[in-house]
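Quick setup: one chain, the form predicted on its own, written in structure tokens, and binding and motion questions come after.
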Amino acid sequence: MGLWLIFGSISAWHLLEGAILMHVAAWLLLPVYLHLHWVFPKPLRLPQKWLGYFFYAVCLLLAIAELFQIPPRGLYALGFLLAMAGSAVLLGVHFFRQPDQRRDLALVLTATLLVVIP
């Protein structure tokens, strides 16, 4: 997330191809966020292992394609939206399916609100 923010801030001045690097970082955020929220605070039922590898590989290929500016210009926003929405959905699933983990989820929600509200 830090790289995405850094590249996003320098992309406005077109420094060091910041816009392209921000697009790459958006695609790399997608599998990492979904994986993180799948296993935190307590893992949900594990899917087939090959499915996770396949998803990481697809997102990596999309990130590489962004380096060469192959996908449509705004497609990276879909990857970022999927990362954010998927994270929220997975946290909601944790909230309803794992009542014993609600205290940990409340901490995550509080930290998120402290970051987003200002």
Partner chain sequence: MKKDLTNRWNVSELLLSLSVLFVLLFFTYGIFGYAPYIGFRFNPPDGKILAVYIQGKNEPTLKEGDVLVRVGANSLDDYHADNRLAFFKGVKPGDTINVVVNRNGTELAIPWVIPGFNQLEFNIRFFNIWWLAYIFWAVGFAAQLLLRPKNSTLRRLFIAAFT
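All values reported here derive from a predicted model rather than from experimental measurement. Positions refer to the first chain, counted from 1.
Although not depicted, the form predicted together with its partner chain is the subject of the following passage.
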Sole residue of Ala85, Leu78, Val58, Leu36 within 4.5 Å of its partner chain in the model of the complex, by heavy atom: Leu36
Looking at the partner-bound form in the model of the complex, is Val32 within 4.5 Å of its partner chain by any heavy atom? yes
Does Leu28 reach its partner chain in the model of the complex if we count a contact as any heavy atom within 4.5 Å? yes
Taking its partner chain as it sits in the model of the complex, is Asp104 in contact with it (heavy atom to heavy atom, 4.5 Å or less)? no
Give a yes/no on whether Gln98 approaches its partner chain to within 4.5 Å in the model of the complex, heavy atoms considered. no
Can you tell me which bits of 76-110 touch its partner chain in the model of the complex, meaning any heavy atom within 4.5 Å? none
